[in-house]
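One chain comes next, on its own, written as structure tokens: the form predicted on its own.
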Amino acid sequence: MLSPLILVNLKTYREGMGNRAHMIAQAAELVASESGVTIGIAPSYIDLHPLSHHFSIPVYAQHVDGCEPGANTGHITVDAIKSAGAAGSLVNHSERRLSLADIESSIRGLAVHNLISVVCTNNELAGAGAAAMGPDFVAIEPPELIGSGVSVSKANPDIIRRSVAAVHAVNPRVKVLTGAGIQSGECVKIAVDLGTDGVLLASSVVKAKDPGAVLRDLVSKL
């Protein structure tokens, strides 16, 4: 297996914007270099361009629309995030749900531009449905555990097992991330041991006084 992906979503937390976003990116770059583990971040759109160009870690958009450039006021196009330097984008996060048609359109647009798609779902059935669209990653996040401080790896390991099996039964090339409540190296190790390719997390890193220390703990058991 290649290095697991630890993808940190900065959301729109005040602690994840501006200078703090740069501090988190710097810590992620250092820990990735020390550990050999791939660590990516998904900042706000305002920080997407500077972080993509100042740091070597993969930087993802938090959302992208599948529409073409043109008369689409307020939309975020794949061309725009590619121009900003993004490696890819989250799609259909629980806080930014999309229709099936829009999910497919976003995945297709990212693929055309050789950018990575990370489609978020909330259970194994939705994960299997997403896998049928051919994204690079499916991220399983039970919504009741998001931001709860209770790790899905410990609270509901069966959903991870079932999700990995369901996704790979549809498309074995799709990688699986798990998220919701991930906060320690033990959580990450359990997730990887259950067959995932990494984790998607947010507040445990973004809101930490020392994001670097949390990141070092997250990679410590890999």
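The first residue of the sequence shown is number 1, and the count goes up from there. Values in this document were obtained by computation on a predicted structure and should not be read as measured data.
There is another form of this protein, the form predicted in complex with a further copy of the same chain, and it is not shown here; the text below is about that form.
Find out whether any non-hydrogen atom of Ile103 is located within 4.5 angstroms of a further copy of the same chain in the predicted complex, and reply yes or no.
Yes, contact at 4.5 Å.
In the predicted complex, does Glu68 come within 4.5 Å of a further copy of the same chain, counting heavy atoms only?
Result yes; Glu68 sits at the interface with a further copy of the same chain in the predicted complex.
Against a further copy of the same chain in the predicted complex, would Ser44 count as a contact residue? Criterion: heavy atoms within 4.5 Å.
Ser44: yes, in contact with a further copy of the same chain in the predicted complex.
Using the partner position in the predicted complex, report whether Leu30 sits within 4.5 Å of a further copy of the same chain, counting heavy atoms only.
No, Leu30 stays farther than 4.5 Å from a further copy of the same chain in the predicted complex.
On the criterion of a non-hydrogen atom at 4.5 angstroms or closer, are Ser56, Cys187 and Lys189 all touching a further copy of the same chain in the predicted complex?
No, none of the three is in contact.
Within 116 to 130, the residues that have a heavy atom no more than 4.5 Å from a further copy of the same chain in the predicted complex:
The stretch touches the partner through Thr121, Asn122, Asn123, Leu125, Ala126, Ala128, Gly129, Ala130.
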